[in-house]
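Single chain ahead, written as structure tokens, the form predicted alone.
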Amino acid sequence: MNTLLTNVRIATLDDTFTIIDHGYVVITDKIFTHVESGDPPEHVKKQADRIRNMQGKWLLPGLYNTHGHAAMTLMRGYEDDLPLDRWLKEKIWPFEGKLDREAVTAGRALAMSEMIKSGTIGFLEMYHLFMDDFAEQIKDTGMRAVLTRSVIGLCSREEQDAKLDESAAFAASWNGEADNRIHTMLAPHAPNTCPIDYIKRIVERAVDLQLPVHMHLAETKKEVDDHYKMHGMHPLDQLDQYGLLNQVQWLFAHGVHLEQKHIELLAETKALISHNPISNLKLGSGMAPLSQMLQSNVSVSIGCDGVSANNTLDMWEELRMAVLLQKGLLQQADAINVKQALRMVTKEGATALQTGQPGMITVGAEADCILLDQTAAHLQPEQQLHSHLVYAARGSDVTDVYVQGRSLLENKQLITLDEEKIRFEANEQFAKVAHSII
């Protein structure tokens, strides 16, 4: 299958940030075989099974959301004004206790529809319910995903082992599936919900399975202060003391409360960070030292967290907040530049999610791309493309999405999901769960 997209302005986001003002791309099966300037020659047109004139739309790599809880999407706006500890115990965990398979499925479908429509092509799911079901959903939907069956260790040794066995079996069975669009990690929930000996056993299993490990880290000051009181050290220092940081590839979510020595330790051990600025702000958790991380060569990507703590999955909004926060916090207009920002949601995201793809528009890469409507008023004058992508673009500007050359969104219409059905079922399932709590 050859698909030819003509009349596009291409933001390659390659190593030199090349912009092709007027060009075309050819997707053969799932690979970019041409990324060229100008109009396609006749022989290229003749070889195409489908030709789409994109009317000057901007074509660029898809975005990656590297930390989230799609199953919690029904909880959007359920509680807006509590700190993390109370928010979880008083509102979120009681709601989760009432979720059944239908409710979780509806929430995840809603999350995927929102992500695709706003240009996110790959994401990480950290959750514990009905993970096999979600993997099957993703196979059909066509997105990229890292799936983790997260575990909490505040239970007996037998329960811990059972959870770990379930998590490992899931990870082993799904890693590399769906034409290599699905990858897996093991995922202890957090240092304050998993004793260090349990984290150690999880890391040992990850080593056996040759998988990375994902975990919340230093999200709130209370979490870190409690860890000091109980263990006499920061949670990251404890992981280092046990020799766990060098054994596997770590992807930590949040990393809000870190000192410079911890940032240097992350860089030394090549740990990755998923920065979640809006969730951290909304829950009053603080602002992560993003600029210091980048200056220390820590690989940082961006995550939305769950919409229960955000309340959207719009990566453009998340990116803009991340950049502007650092500029204001440090009172430095150059704290993070446009190229660094775009890298976080493309190249660094692709790396964090183990895709094996460059997060760029380049010949030989798998055809993962999105197209934006360049006629929007807030994108004019249109010359400053890279700047507009960081400081002006919105999820609603996305018109088309391709993953591995397969169309998931076309002219703002979902191809692999039924949006009307998803909206209906999400509202129906929320009402059912909310009623059961009352």
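Because the structure is predicted, anything quoted here is derived from the model rather than measured. All residue numbers refer to positions in the sequence shown, first residue = 1.
Here the subject shifts to the form predicted together with a further copy of the same chain, a form of this protein not shown in this document.
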property	result
Answer option from 30, 34, 45, 394, heavy atom within 4.5 Å of a further copy of the same chain in the predicted complex	394
The single option of 363, 152, 329, 162 touching a further copy of the same chain in the predicted complex, heavy atom within 4.5 Å	329
Interface membership of residue 268, a further copy of the same chain in the predicted complex, 4.5 Å heavy atom rule	no
Contact test in the predicted complex: residue 78 vs a further copy of the same chain, heavy atoms, 4.5 Å	yes
Non-hydrogen atom contact residue 419 with a further copy of the same chain in the predicted complex at 4.5 angstroms	yes
Heavy atom of residue 382 within 4.5 Å of a further copy of the same chain in the predicted complex	yes
Output flag, 82, 337 and 375 jointly within 4.5 Å of a further copy of the same chain in the predicted complex, heavy atom basis	yes
Option from 185 to 193, 278 to 286, 137 to 145, 258 to 266 whose residues, in the predicted complex, bring a heavy atom within 4.5 Å of a further copy of the same chain	278 to 286
Members of 100 to 124 lying within 4.5 angstroms of a further copy of the same chain, judged by heavy atom, in the predicted complex	110, 113, 114, 118
